[in-house]
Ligand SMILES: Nc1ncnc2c1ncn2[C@@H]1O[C@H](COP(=O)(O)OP(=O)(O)OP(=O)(O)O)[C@@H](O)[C@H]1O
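Okay, here we've got a single chain as structure tokens, the form predicted on its own, with questions on binding and movement later.
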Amino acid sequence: MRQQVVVGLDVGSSKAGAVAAAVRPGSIDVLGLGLSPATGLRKGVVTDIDETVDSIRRAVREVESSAGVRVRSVAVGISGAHIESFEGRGAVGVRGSEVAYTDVKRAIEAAGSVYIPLDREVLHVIPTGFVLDGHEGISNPVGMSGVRLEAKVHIVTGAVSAIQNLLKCCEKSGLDIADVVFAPLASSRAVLTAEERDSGVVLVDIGGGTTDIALFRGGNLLHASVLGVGGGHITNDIAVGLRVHMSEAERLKRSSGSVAMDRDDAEPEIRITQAGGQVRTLQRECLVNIIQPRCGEMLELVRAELKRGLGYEHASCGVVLTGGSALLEGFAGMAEEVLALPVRVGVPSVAGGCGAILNNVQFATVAGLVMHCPEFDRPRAVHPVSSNSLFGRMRHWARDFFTTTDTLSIDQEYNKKGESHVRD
């Protein structure tokens, strides 16, 4: 049976992660994981090319060693405060007596043909529904009789400079770019259920420098945004408040971090190592008093974004938190209180091979980049992928990966039928 090896790469503000997986139709086996600290990005934007390249190379070398493969191309996750999204609509005339696959493709292309400033580039054009002769709520119009077909899409764009600098870092690391994916789309594939995506849910992915927000309903992305605040800001607050190094602040956050004091706390005191090596003992309440305000501020920003993106109207399944900071003690409870919605922590569930190593909220994006490839049986990444346009590959990824099931079947069926079935 034919097997593909795919490699996902997530370069964030705090870490670079790479995963290699063997993909067969209907199954996936994780072969290895590579992690490296990242210091060359800020809020998802490259600030130091050399440091970012070093982080990518270390992560790739580690995954090559653990997986036993030679990585040449990768699917890259991208995020950052420069990401923006909006809705688009486009209509075409049906060329025959009924809607054909080509009519659907033309309608989607028309909906995505909007004015974009020169400093921005389209990452994804994601179909969200169709209107046929004024009839709304159609997911797959192929085979229906009609005259005018309208497509509704969600368009995700990013700053050209930010995208190009990240891709440049990958290429300087000796990698070809197979795909570029908006990180919350990948994360959603790893931590959301099909029922949640259909009924309505908000994904909140808290990274090191940014927080990604994505609203899904009817299986489609309805709204997406990126906030310029993340877990790294909590770490920085601890470092400043307790006068410790960032590494010690990160350790304290992970080992003793909480957004509220537990009355039955068995360890009311914590030991900290300050600059110069001095060890002190503090009440854990001091750490909580630093973390709590920042987490409250982050959640208020999420709440404002949900109101702006109509999240409260569509998110009947509530909120799914992922990312490292989602594990802070009491954070999910605080989120329920501030957002006034049901909240759960979303952990990737990857089976096969050594997939258990990805079952951690920190790996939601990189797991999502590889774990759903079997659905589409598309070749990926331990061999070069030739293409004349990096941005063309981005749009191709969105079309193939993040459409509704019905629209995806349109593409698959059209490819099977070939050009001989195109209607004039």
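Note that the coordinates shown come from a computational prediction; the quantities given were computed from them, not determined experimentally. In case it trips you up, residue 1 is the first one in the sequence shown, and so on.
Below, we refer to the form predicted in complex with the named molecule, which is not included among the displayed structures.
- Residues of just one listed stretch (123-131, 167-175, 105-113, 252-260) have heavy atoms within 4.5 Å of the named molecule in the predicted complex: 252-260.
- Candidate site formed by Ser188, Ser349 and Gly368: none of these residues places a non-hydrogen atom within 4.5 angstroms of the named molecule in the predicted complex.
- Think of it this way: in the predicted complex, the named molecule has a heavy atom of just one of Pro141, Gly77, Gly158, Gly324 within 4.5 Å, and the residue is Gly324.
- Of the candidates Leu341, Leu328, Leu222, Leu299, Leu328 is the one whose heavy atoms come within 4.5 Å of the named molecule in the predicted complex; the others do not.
- Looking at Gly207, you'd find a heavy atom of it within 4.5 angstroms of the named molecule in the predicted complex.
- The named molecule is not shown here, and in the predicted complex it never comes within 4.5 Å of any heavy atom of Gly34.
- When the named molecule is considered in the predicted complex, Pro184 lies well away from it, no heavy atom lying within 4.5 Å.
- Interface membership of Thr52, defined by any non-hydrogen atom within 4.5 Å of the named molecule in the predicted complex, is ruled out.
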